[in-house]
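Just the one chain here, the form predicted alone, laid out as structure tokens.
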């Protein structure tokens, strides 16, 4: 099974807009996975029906039983995360601060503290407007373990693709180089890097490509808002040439990206000129992927 992952070194480059557009162009031939679980928004463009929902549990959080607690304060003294406080003479745990280490439960002399599995998000499998399935998720505000949720989304997407007989999974990855991105890249066949010609765009492109390079995954790059800074655009193009990254497309700054998203449409549905550019880019990706597979 082929797996195309779209990532960016920073947010705001147009990564999700392009991924959703690729999904529309691919139609029913691919299963879509939104692995940007910390800020999932592909559902705004692909009209999922949220037909299947599953709670996602990861990590633990301490809970103090007020009926057993003697308010000795030992747990509060040993907590390194300042997660335990006193309210109306009762000790309570702040879930957002608790790291689930379990030390407070170990030192409690009356065993009033237990560690409970924490529900940190939800996983969905939806039918979308392109006549295929999308696997997506939502991580609770302040919740940890987004990398584990990304892995769960990807594994479920592969299972759905196998069940439906689809040969490809299209993944919208998280921006940056953290754990969710590493999880997104695992098992990828090809990576599409989306960047912009700004100082931070170039800097973060270099960082994220070093990560892709460690995985030894072939990569291509789309430069969005390409006319913002000609000098940095030239530096990006030099980087692509030096690192032998496929130069997929350069797209001038276009406010239709924003207009399309505001109206709940992908750019290939909204603007014919952008549709042609993005369609040519998608065909390049497929051609390169086919060539890489033969090698």
Partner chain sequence: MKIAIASGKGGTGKTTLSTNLAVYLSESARVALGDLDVEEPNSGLYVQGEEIERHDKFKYVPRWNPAQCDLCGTCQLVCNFNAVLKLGQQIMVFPELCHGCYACSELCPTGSLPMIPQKMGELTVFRRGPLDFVESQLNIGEEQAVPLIKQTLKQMNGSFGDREYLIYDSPPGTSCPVIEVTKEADLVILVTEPTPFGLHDLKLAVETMRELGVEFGVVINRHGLGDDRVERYCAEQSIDIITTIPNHRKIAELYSRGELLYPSIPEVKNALEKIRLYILERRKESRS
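Everything numeric here is computed off the predicted structure, so don't read it as measured data. Heads up, when I say rigid core I mean the largest set of C-alphas that superpose within 1.5 Å between the two forms. Positions refer to the first chain, counted from 1.
Keep in mind that the form predicted together with the partner chain is not shown, yet the notes after this line are about it.
Put simply, residue 70 is far from the partner chain in the predicted bound form: not one heavy atom of it is within 4.5 Å. At a distance threshold of 4.5 angstroms between non-hydrogen atoms, residue 200 is in contact with the partner chain in the predicted bound form. Taking non-hydrogen atoms only, residue 175 approaches the partner chain to within 4.5 angstroms in the predicted bound form. Taking non-hydrogen atoms only, residue 60 approaches the partner chain to within 4.5 angstroms in the predicted bound form. Annotation: in the predicted bound form, residues 48, 92 and 160 none come within 4.5 Å of the partner chain through any heavy atom. Stretch-level contact analysis of 176 to 184, 84 to 92, 125 to 133, 163 to 171 against the partner chain in the predicted bound form, using heavy atoms and a 4.5 Å limit, identifies 176 to 184. Checked against the partner chain in the predicted bound form, the residues 245, 228, 249, 64 give one hit for a heavy atom within 4.5 Å, which is 228. Looking at 23 to 56, the residues that come within 4.5 Å of the partner chain in the predicted bound form, counting any heavy atom, are 38, 39, 40, 41, 43, 44, 45. Residue 99: CA moves 2 Å or more between this form and the one not shown after rigid-core fitting.
Once both forms are overlaid on the rigid core, the distance between the two CA positions of residue 62 between this form and the one not shown is 2 angstroms or more.
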